[in-house]
Each structure stands twice: as C-alpha cells, then as structure tokens.
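Take a look at this single chain in structure tokens; it is the form predicted on its own.
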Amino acid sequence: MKLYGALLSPFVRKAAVVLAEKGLEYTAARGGPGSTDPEFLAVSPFAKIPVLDDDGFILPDSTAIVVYLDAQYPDPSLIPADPKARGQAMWFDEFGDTIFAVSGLKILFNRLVGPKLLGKPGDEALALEGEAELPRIFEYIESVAPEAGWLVGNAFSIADITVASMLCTLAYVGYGPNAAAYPKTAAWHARVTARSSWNAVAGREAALMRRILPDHAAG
C-alpha cells in the first residue's frame, strides 16, 4: 500500500491516521501541488493529494479514501453505521475539508508552503482574509466540542480525525488549539492526539518536517 502526499497536509494526515487506526502499513510517496514527478501525475492527473494505491487500486481524495478503507478494512469502523451518527460524522468531515480548510489553508499556503517550500511569494492579503475567518470557525468547534469523548456519539470517528487534522496543520502557522480561548476544543483535541495512531503518524510527520523545514516546528 502506498500513500502519496506530505503529512503537513491535513488531508494526507487524515488518511494516514485512518490507516494507522486500522493497523495498515503503507509506504509514503511524494506528490503535491506543483509536482512534475511522472509517477505521481500518473495516479493524480490534477496533482491533488492524497492518493492511495492499494495493490494497484488507485484512489484520490481523502474522504473517498476513508470511505474505501472503512469498507475494505472494517475493523475498527470509523464511519458510524447509525444513520444519524453517520450523517453527523460526514458533516464534520465536510466542514473540516471545506469550510475550515478553505480558511486555514489561505494562511498556510501564503505564509509557509508557498514561500518556504515552493519558492513562491505568498499573498499576505489572502492570509489576513483567512485569519479574519477563523474566529467564527473556532467558536463553532468550541460549541460542539464534547466535555468528554468524541464529536459523534460514543465512538472515535472520521469526524474527530478530520477536524483535529486541520488544527494540527494550523499549528505550523500559529493557529493550533488555544486552551485559554477555546478550552473544550483544546481538551478534545488533546484526547484525539493522545491516541497511539495519532502518535505514530506524528512521529513520521516530525521526521519529514525535520528534513524539509529543519528550522520550523509545529506549536
């Protein structure tokens, strides 16, 4: 099994955590925006990440990958079976991948990825736009973060993975969990990132970041 894309991406990290939760080993492969690598472009013609290669079955998009993995390798299940819980979980996945990511990645790409990884100047106006959009998003997460347990019902799910992954990515640009302003969010996020699956992925991510940005750490 092979997973294309850097773990700095919340979408790649999401897929990697799901693989870790299910005890599935994978080989990390390079790829991402601006890549000209023929192997990557053969599996991702639009240069989107992540892409999963499961013994020749090629699938892009983090949500599609999670849906596939949960059906193909169902233990443990990360998408609830109950219709209402499933709907809620997929809402949080959509929220994390679109609303949250659209705002947060304006900051990440224009202050970190573009100038420090791709050698392209960032658009500070876009970064500031993203900053202005975050408080409403953080307030929403605080309003739904549970006092104990997980975002949907009693089970850890894709909902927790997706939203927590975006928070981890934002930590690289100074917008990670803020316990003073959003205590329920910070406590929930700490429970998510304490899981052994998350720690396994975090170790791989730290090693990657030491190679590509030795003077830059999340926090």
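Numbering starts at 1 and follows the sequence shown. These figures come from a predicted structure and were not determined experimentally.
In what follows, reference is made to the form predicted in complex with a small molecule, a form of this protein that is not presented.
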Checklist entry - Can any non-hydrogen atom of Trp198 be found within 4.5 angstroms of the small molecule in the predicted bound form? => result no
Next on the checklist: Can you work out whether Lys48 and the small molecule are in contact in the predicted bound form, taking contact to mean some heavy atom pair no more than 4.5 Å apart?
Outcome noted: yes
Item to check | 4.5 Å heavy atom contact, Phe95 to the small molecule in the predicted bound form | outcome: no
Next on the checklist: Although the partner isn't part of this model, could you tell me whether Ser62 comes within 4.5 Å of the small molecule in the predicted bound form, counting any heavy atom of the residue?
Outcome noted: yes
Next on the checklist: Quick check on this chain: which one of Leu117, Leu105, Leu126, Ala145 has a heavy atom within 4.5 Å of the small molecule in the predicted bound form?
Outcome noted: Leu105
Checklist entry - Want to guess which of 54-62, 148-156, 182-190, 22-30 is within 4.5 Å of the small molecule in the predicted bound form, heavy atoms only? => result 54-62
